[in-house]
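What follows is a single chain, given as structure tokens, in the form predicted on its own.
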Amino acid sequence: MDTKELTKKYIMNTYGRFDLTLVKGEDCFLYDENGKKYLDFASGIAVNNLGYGNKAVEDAVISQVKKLIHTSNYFYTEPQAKLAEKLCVNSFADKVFFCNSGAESVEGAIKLARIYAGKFSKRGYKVIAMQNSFHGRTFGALSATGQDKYHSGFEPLLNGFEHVKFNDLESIEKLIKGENGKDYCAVILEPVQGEGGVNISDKEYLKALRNLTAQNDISLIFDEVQAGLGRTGKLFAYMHYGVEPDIMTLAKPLAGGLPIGAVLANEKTAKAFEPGNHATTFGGGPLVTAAAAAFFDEITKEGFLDEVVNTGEYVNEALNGLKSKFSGLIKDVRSIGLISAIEFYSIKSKDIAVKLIDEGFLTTTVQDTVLRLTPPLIIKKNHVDLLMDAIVKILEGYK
């Protein structure tokens, strides 16, 4: 049996896969089993921020594999300590907890907010989350996620999550200042809602929310699993807004493609965790943290993020030109740094994605009518031109 047949026979049917078997990656390109080349505007769902075959990350992995792949967190390891230092020195945070995925980082963030409330703020256990959000597939993260389609079949979800409209401060104020306002211990949101369709927070909204939560000693959690680590053109998305959260979650690109997650927090909040409160067997292992340290050094090199901003502006301009040209087909385009969305009026985004595969381009879809672009951060303007030409060619067939 070939790869596809083996997959269908032995792997649980949880993914709507494209009819494509990938075998190799290089720079911004992926190759299938027949040798066909694809320009990648998906990045493994915003994971491969340095593309494929980055020498610094590869060298770090090979070197660490020869030393130590795993040991228990009952002991100290240098790669973990050094990565923690890099993350904290370059962010608002004072402490970090390492785990294995984005969903795990959200679980850790929620636990930290609740135990902080129990020990210090003396607030309740409820968390305010956003409609149209996505925080992961585990039960805590799923309960925080504000999209019914992910909940279906898994009810009852965990108690204690209230969903409000994104970018609407009044709906949060109503809860916090209401009769049961003391019930709420945290607000969680994505500064950029990735799975929700690349919906971008308003600057004044986040500033006002930061003031509101600080005044009431409510933990503000930013989920930057998808938008963090250079994706928006700044090291972290919160840096666009002039505010700092109490807790932040990271994952996807952090270890250059290896599984890792992180919960970052300021000292005030982090002190709520003590030995025995939270743990993980594999979190922050020496192999993944060595890879992550190399990745972090690459994206913090002088000029790297400037180039992301420059290319992102080029993408934004191209998308607006596309919208103007196909105003009857394209409802909206949204972009910040190198995460973008093309929202169609009625065209199914998966239909466009399949046609783009035929043309040699890989993208992802979110919602029924939104095509998402999350290319490697090393993508070039001529690559953008090639994608836009392909989209024009496809949309001409819909006119």
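All residue numbers are counted from 1 along the displayed sequence. Keep in mind the model is a prediction, meaning the values are calculated, not measured.
Not pictured, yet referred to below: the form predicted together with a small molecule.
Engineer: At the 4.5 Å heavy atom threshold, is V225 in contact with the small molecule in the predicted bound form?
Structural biologist: Yes, V225 lies within 4.5 Å of the small molecule in the predicted bound form.
Engineer: Check whether F134 has any heavy atom within 4.5 Å of a heavy atom of the small molecule in the predicted bound form, and answer yes or no.
Structural biologist: So F134 counts as contacting the small molecule.
Engineer: Is N199 part of the interface with the small molecule in the predicted bound form - any heavy atom within 4.5 Å?
Structural biologist: Answer no; every heavy atom of N199 is more than 4.5 Å from the small molecule in the predicted bound form.
Engineer: At the 4.5 Å heavy atom threshold, is N266 in contact with the small molecule in the predicted bound form?
Structural biologist: No.
Engineer: In the predicted bound form, which of the listed residues (A103, A293, V315, V308) lies with a heavy atom within 4.5 Å of the small molecule?
Structural biologist: If I apply the 4.5 Å criterion carefully, the residue I get is A103.
Engineer: Looking at 108-116, 217-225, 79-87, 170-178, which one sits within 4.5 Å of the small molecule in the predicted bound form if you count heavy atoms only?
Structural biologist: Within 4.5 Å of the partner lies stretch 217-225.
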